[in-house]
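First, one chain by itself: the form predicted alone, in structure tokens.
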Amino acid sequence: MTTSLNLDRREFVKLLGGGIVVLLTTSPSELFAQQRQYPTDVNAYLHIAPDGRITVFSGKIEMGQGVMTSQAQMAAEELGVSLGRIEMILGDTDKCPWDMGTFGSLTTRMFGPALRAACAEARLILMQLASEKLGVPREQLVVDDGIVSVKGDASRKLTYGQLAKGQAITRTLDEKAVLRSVAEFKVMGRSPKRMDGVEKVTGRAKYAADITLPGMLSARILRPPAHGAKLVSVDTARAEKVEGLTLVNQDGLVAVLHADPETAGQALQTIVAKWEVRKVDVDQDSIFDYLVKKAPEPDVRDTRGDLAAARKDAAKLFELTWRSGYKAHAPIEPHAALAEVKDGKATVWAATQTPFPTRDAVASAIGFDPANVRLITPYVGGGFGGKSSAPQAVEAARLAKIVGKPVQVEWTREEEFFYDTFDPAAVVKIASAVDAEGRITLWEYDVYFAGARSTEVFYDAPNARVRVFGAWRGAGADTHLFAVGPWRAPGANTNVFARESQIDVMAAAAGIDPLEFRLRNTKDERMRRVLKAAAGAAGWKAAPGPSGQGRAIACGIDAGTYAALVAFVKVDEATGTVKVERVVCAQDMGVVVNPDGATMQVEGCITMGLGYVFSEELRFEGGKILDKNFDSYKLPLFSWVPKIETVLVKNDELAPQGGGEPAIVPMGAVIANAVFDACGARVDRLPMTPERLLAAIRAPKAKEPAAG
């Protein structure tokens, strides 16, 4: 893997206008060995200008999760400056070091250590320079808000700006810079105002669709009626008569462009196209059998003990199947991009989670060297994994090259639903058993197309096997009828729904309180701590289920973070509707960089999780997407949101872990388990629509899962 700075060092320094440039090169230390997905030559860099202004460059992007602020906090902490001195430039491929993208809750736990190390090294270099200029050993110097002074003589001092003035150097040291400890923190561990807050609440924040250039054309593109459809013929005669319209029909790309986007949209409607549509007799209800039949050979992830003997000796065997449908990302901001191609170079502003891979895709599509393509990422209006791919950037660049003018492509909501990379439909089959002491003796876990994420067996099952039949992408993903991809903790939501529901089924059958059952069956101390913390904060009242309390507990591990949720619900058994009244989340995410930011991520996870629990499921017929807008695809409403309480379990011995996804993964299970505790009915398929819950309530064996 190589980096692409697009500038040599002299050009880069000239661009920045002087000052000290700190390049963090590959270190043999354990710290950088952990950054296995980062380039081998440059992990992170920053610039200290003569006036003391500090600019931090990051290949990560800001899409509402708050990493602009948390990254600045990490940089400020290790540099020894106040947060106000930091400026952030994110997702600009000409200015930032290579990065694979912003997803998987990787920013804090993977890029964070590299950024902190770069800033710690910068501080060490600056102190060494100050030592040379002040004529005292470095050990006699202290740093306070970018001012290096002599201990006991504050009058002898130099600012970072003074040290950087007139210099443009890259210096490396033979010693390893030491990161600051939690006890030394002045910026990390606190909750400052978000750096993007004022721009966003005042409407000044710019997103890809807000950026314009002189002479820009808006493009509307001919789209197929279904996935897999092939264009047979196209008649553009009427569109060609529209004044000021530019028509493109090249290599399968048919588009109309106009200075007025509405005129372009109207012109698109006049095009007559004939399509050959693939016939596939599969919909959102039959997809599960289809997937199981199409599944590839399994990847066996975990095998222990004697499964056959455990099955034979089981007093009661629990063999259950759990399912979840396709889900759309449905971000507030649809995909958008603006591209300009001139003088042999291309510049693209795009709503994307992956600036560098998108740059490379654009370069490939228009036949440019990546060094001649610049991808700039403005604020992104929600991604959740759906903007990991940015095909609209490629479309805009192709069109801009063809017509010789700047071109903006904004997807409509219908296009957003059609071209989304959906969270895959999936099936989980589990066979398990428990002994007379309430201990799990068997755990056979087969998952189809949700992948391996969150399939780890942290319960103490002596006889266990995990088999993964098809990932959520990559091998086997082409079995799906349309593109699938990451959806906030991809696959983990389904896997944890299945696992924690199965655990609850066994606890109820054994007549054991569900919290006690979990504690009895795991020695994982981090998991035990979050379970106890969540239960304590919730005021847990022990009782076997269904207890009629309408409360439940579920837990999970994601992005290095342990999370346990307790939920309280009320069920209307006449209508099948559920009201979630309260959710308590206890989360151990190691050192917490920004407590308010972490809390907001938990709240976002729980709120978004309500969607996949109750309403979000894509309807389709073969390759035809039936949901085209929010009139049929239902997102959570404000009225659904319960009281949310967050407990950040202290664990300063562990480096900061991911916080963008862990709290969402147990949501399906904790709500389903709470519904069971309230009324004795269990649903085996998400989303838990009123119709499915009513079927479960009316099933002859109400305590067993009902077919969805």
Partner chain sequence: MATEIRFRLNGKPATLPYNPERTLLRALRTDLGLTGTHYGCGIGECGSCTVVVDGKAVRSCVTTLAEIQGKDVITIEGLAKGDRLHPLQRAFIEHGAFQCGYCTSGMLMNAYALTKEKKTLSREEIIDGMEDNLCRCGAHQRIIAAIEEVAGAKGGRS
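Positions refer to the first chain, counted from 1. Just so it is clear, the structure is predicted and the values come from calculations on it, not from any experiment.
There is also a form predicted together with the partner chain; it is not shown, and the following applies to it.
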Sole residue of P462, G382, P224, P370 within 4.5 Å of the partner chain in the model of the complex, by heavy atom: G382
Of E121, E616, E77, E500, the one that lies within 4.5 Å of the partner chain in the model of the complex (heavy atoms): E616
Non-hydrogen atom within 4.5 Å of the partner chain in the model of the complex for each of E333, M600 and D631: yes
Partner proximity in the model of the complex: R323 to the partner chain, non-hydrogen atom cutoff 4.5 Å: no
Non-hydrogen atom contact G203 with the partner chain in the model of the complex at 4.5 angstroms: yes
V641, heavy atom within 4.5 angstroms of the partner chain in the model of the complex: yes
4.5 Å heavy atom contact, P296 and the partner chain in the model of the complex: no
Which of 608 to 616, 147 to 155, 237 to 245, 527 to 535 lines the interface with the partner chain in the model of the complex (heavy atom within 4.5 Å): 608 to 616
Those residues of 398 to 430 which, in the model of the complex, come within 4.5 Å of the partner chain by heavy atom: E410, W411, T412, R413, E414
